[in-house]
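In structure tokens, the next block holds one chain alone, the form predicted on its own.
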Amino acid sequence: MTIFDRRNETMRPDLVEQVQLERLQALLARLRRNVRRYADIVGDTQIDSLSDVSRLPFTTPDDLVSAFPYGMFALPLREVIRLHSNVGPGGKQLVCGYTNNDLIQWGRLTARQLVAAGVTSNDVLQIGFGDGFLAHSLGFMLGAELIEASVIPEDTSHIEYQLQVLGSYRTTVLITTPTNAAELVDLLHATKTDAQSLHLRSVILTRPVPAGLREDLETGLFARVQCCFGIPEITNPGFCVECEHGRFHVNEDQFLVEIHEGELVVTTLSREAMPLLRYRTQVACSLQRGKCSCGRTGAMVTPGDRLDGQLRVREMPLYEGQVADVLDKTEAAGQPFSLEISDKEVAISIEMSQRLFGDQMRLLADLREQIRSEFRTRLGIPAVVRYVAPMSSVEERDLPGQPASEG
């Protein structure tokens, strides 16, 4: 049984409830005093037991968008030492702030996951996510350095270089995305490299994956695979711990979790800079309580699909509305288009028109490159651009609300 914070991870359920209630009551007092948005809606509501939490209002991602940038902060900006941006509804920007104590706690929560994966001070950790995962990288670095493991923060999308580092530095633990891990497996096969020639023994993924993919990655990399589950606005990594039995245990000394109409709802109990009350995560989830043979007592969650239409392209979050926003920044603004989204790329089919390509003699290659560049710069994802004849009917378009083609 490998546990980093035995006192909190194995706390008796009755003591967990006592800690949660005390911290929730303190949280409400801070929100009334320091966050106007909460003060207006919480009022004088009193919480005498955890069952009273249903009397409190929800917080939604739209609330975070409308409060951008600092409207949800519970402390003056001078006390917030780090800011991270996240993607909210429709691709709108959210911001999360952290005090020094928040970062210390984040490191301790991440260390729980790393130790559960068997990481020790003797390990060499390689962090290889690719573009767009700086917050994840920093979170894992905090936890790894707390354990005093050696860390290689080589956050590059150059897969051949990642493999080279794995061999040269004798990496024992790889922290990466499922997509990146699968590409490493493909590269090993393509270069006829024996995975057993590496020193890798453990792979930690940024999100849960199906059992079949986990088995393929374990076979291809000849290493044990464990997964994380978290919400960027709450914390990721550090929200819960996957134990050796594949169960996700919530760190309940820090988070109060509920399931409302099949959706995961989370209250942050100790966060200083930006505490969240009953935050609707937009993630389908089920919750179980009971004894686990790993020794942890935290509630066990089984995450499901997103409920807000958020997609994932090369692990980057994407909403369909973002595509139209990006095209509006190019010469193709206003043109009807259709969209195909896979886990590796976005394919956009843009209608040809006299306005766009006729009198002005615009070069198709230049426009294609302009669109691809905008997608890389603004969204961090690859795009394939095709030109097609005008569509015969509006039903052929994947996105509603696009201008109809003029006959």
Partner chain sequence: MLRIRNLRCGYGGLEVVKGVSLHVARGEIVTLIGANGAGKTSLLQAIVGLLPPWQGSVTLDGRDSTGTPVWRGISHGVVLVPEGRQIFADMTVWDNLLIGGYRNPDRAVAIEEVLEHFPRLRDRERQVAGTLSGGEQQMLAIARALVARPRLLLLDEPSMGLAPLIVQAVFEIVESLREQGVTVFLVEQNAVAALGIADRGYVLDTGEITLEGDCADLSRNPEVKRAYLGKGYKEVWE
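Positions refer to the first chain, counted from 1. Small disclaimer: the values here were computed from a predicted structure and weren't measured.
Keep in mind that the form predicted together with its partner chain is not shown, yet the notes after this line are about it.
Visitor: Counting only non-hydrogen atoms, which stretch in 211-219, 71-79, 198-206, 315-323 is within 4.5 Å of its partner chain in the model of the complex?
Guide: Result of the contact check: 71-79.
Visitor: Give me the residue from N100, N86, S137, T302 that has a heavy atom within 4.5 Å of its partner chain in the model of the complex.
Guide: Here the answer is residue option N100.
Visitor: Only one of E233, E258, E272, E242 has a non-hydrogen atom within 4.5 angstroms of its partner chain in the model of the complex; which is it?
Guide: Selected residue: E272.
Visitor: So, A365 and its partner chain: in the model of the complex, are they within 4.5 Å at any heavy atom pair?
Guide: So A365 does not count as contacting its partner chain.
Visitor: Quick one: is R7 in contact with its partner chain in the model of the complex, heavy atoms, 4.5 Å cut-off?
Guide: Yes - in the model of the complex, heavy atoms of R7 and its partner chain come within 4.5 Å of each other.
Visitor: Please run the contact check for R37 against its partner chain in the model of the complex: heavy atoms, 4.5 angstroms, yes or no?
Guide: No, no contact at 4.5 Å.
Visitor: With a 4.5 Å heavy atom cut-off, would you call L15 a contact of its partner chain in the model of the complex?
Guide: Result yes; L15 sits at the interface with its partner chain in the model of the complex.
Visitor: Suppose contact means a heavy atom within 4.5 Å; in the model of the complex, does that hold for all of R23, R32 and Q46 with its partner chain?
Guide: Yes, all three are in contact.
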